[in-house]
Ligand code: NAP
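Single chain ahead, by itself, as structure tokens, in the form predicted on its own.
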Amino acid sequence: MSPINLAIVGVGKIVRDQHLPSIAKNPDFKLIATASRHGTVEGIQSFTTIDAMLDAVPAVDAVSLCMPPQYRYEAAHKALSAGKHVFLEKPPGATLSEVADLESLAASKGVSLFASWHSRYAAAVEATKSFLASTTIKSVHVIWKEDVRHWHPNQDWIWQAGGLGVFDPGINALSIVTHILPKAIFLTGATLEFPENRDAPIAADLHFKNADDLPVHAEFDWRQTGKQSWDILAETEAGHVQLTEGGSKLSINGELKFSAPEEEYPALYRRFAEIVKAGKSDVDLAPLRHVADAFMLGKRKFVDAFHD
């Protein structure tokens, strides 16, 4: 089968760090074009808009959309309308409604839509899911704290309405939790901390439960310096479970059970190729739904202004 001719829209840091190396190693894809206001890829046709790219390069089969979520719907709608398969960086959109509309459009056009959740493909996630399915879970505690100045320096869009603020990393934790727990959870209460000069939160404290009253507590914070915390802890009848370092290591009762090198984005592109070949879509909105619930149900607390 010939490679899938791929284009990237929005050539920024995540594209250079993750997408380009993953595409280069995957024989199912051939990068043939990019569209970005500022970024280009050496040796690849470059355009400043998706419209110009789609008009000039009809051979494009699929498009990876890597711009901020506030601008993703319009680009995705254009690509799907042109009969292109679409890979959506996380979060898949700024609202639930627009992603649902894109899913419907993809189905009507007979093309694939992929809402990618890269943290679900972290090395130890599947092993953790299997272990939790084999025992009774008593409680879950999520600690997802990092330094926004390190990971998102001078990125104003992330502080704007729709940019999600601390939920930009926090949704990664939610994507794992919604995948590894046997039953669905729902929000029961939340407190969101907003810098007085920003439209998106810098911290969030969330409480969930499932139909069996399993307590799930999540703490997200963008003010952590030093060692970063990306941990999901569970108390079970079989002992203490620690899924750490963003999902890359699993320990049970203090003993390391699983660890492997990070391969999240290569796995995403393998999955994208799989659904394109199968003629189906993969659009799970559970993580984004929890974020929307937090904004709907959460109490707002204003804190000191944030400056880069």
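Note that residue numbering follows the sequence shown and begins at 1. Keep in mind that this is a model prediction, so the values were computed, not measured.
Here the subject shifts to the form predicted together with the ligand, a form of this protein not shown in this document.
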| task | Could you spot which one of Q242, N26, S281, S36 gets a heavy atom to within 4.5 Å of the ligand in the model of the complex? | result | S36
| remark: None of Q224, Q155, T136, S81 but one has a heavy atom within 4.5 Å of the ligand in the model of the complex; the exception is Q155
| message | What I'd like checked is whether G10, P68 and Y265 together line the ligand in the model of the complex, meaning each has a non-hydrogen atom within 4.5 Å of it. | response | yes
| query | So, in the model of the complex, is G170 in contact with the ligand at a 4.5 angstroms heavy atom limit? | reply | no
| message | My question is simply whether D231 lines the interface with the ligand in the model of the complex - judged by any non-hydrogen atom within 4.5 Å. | response | no
| query | Taking the shortest heavy atom distance, is H118 within 4.5 Å of the ligand in the model of the complex? | reply | yes
| request: Flag L285 as yes or no: does it have a non-hydrogen atom within 4.5 angstroms of any non-hydrogen atom of the ligand in the model of the complex? | output: no
| Residue stretch of 175-183, 191-199, 85-93, 212-220 approaching the ligand in the model of the complex, non-hydrogen atom distance within 4.5 Å | 85-93
